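In the block that follows, a single chain appears as structure tokens, in the form predicted on its own.
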């Protein structure tokens, strides 16, 4: 499968790129606003993987370039950029492309991190409304701590909630998550449930900030 990670130079983009390249044989493409940033990130990931005896070929280009023809794209950008980026690449997406969003709208206050959704109900729902026809939006990876996932020596043991209305696309994303060793996909319902899933992220960040020795928190259901 061809997976394009748009904004693949950031923390969660790097984490997913490294883990998919390490655990699977999917074709990974790193996108950024400039080719130079994408190329530099790709080189870093290839070098890291070589330290683990993994010979990886990770393509790179502008976000438009890597999104064209991809089977799935990950919008690994800050929440306030996600909708604009999706609209920017919409013309190069083919029917059947799956858009995966881990983005969460939130704000930081003196009391902790607070969920800050759009009026639509959730960012995942907002992106679904903005997606081209026959392109499905699935929410996933919201609660994964990027630093821990990017550490290929780390034992993960975490779940990720997956939400979306297209059951076929939902199953594909669950499969992509399950292929990363130590991550388990959990069906959290349709798009209407996305707000509840996204709200978990500011909660985890607040707990991690206020509790000693609880950095890089994730979710595990038992």
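Residue numbers count along the first chain shown, from 1. None of these values were measured; they are calculated from a predicted model.
Heads up, the form predicted in complex with another copy of the chain isn't pictured, but that's what we're talking about next.
Contact annotation: of the candidates 68, 197, 183, 169, the single residue with a non-hydrogen atom within 4.5 angstroms of another copy of the chain in the model of the complex is 197. A residue is said to contact a partner when one of its heavy atoms sits within 4.5 Å of a partner heavy atom; residue 148 meets this definition for another copy of the chain in the model of the complex.
Residue contact with another copy of the chain in the model of the complex: residue 1 places no heavy atom within 4.5 Å of it.
Taking non-hydrogen atoms only, residue 14 never approaches another copy of the chain to within 4.5 angstroms in the model of the complex. In the model of the complex, another copy of the chain sits within 4.5 Å of a heavy atom of residue 187. Per the 4.5 Å heavy atom criterion, another copy of the chain in the model of the complex is contacted by stretch 106-114, the sole one of 106-114, 134-142, 85-93, 69-77. Remark: all three candidate residues (157, 210 and 221) come within 4.5 Å of another copy of the chain in the model of the complex, counting heavy atoms only.
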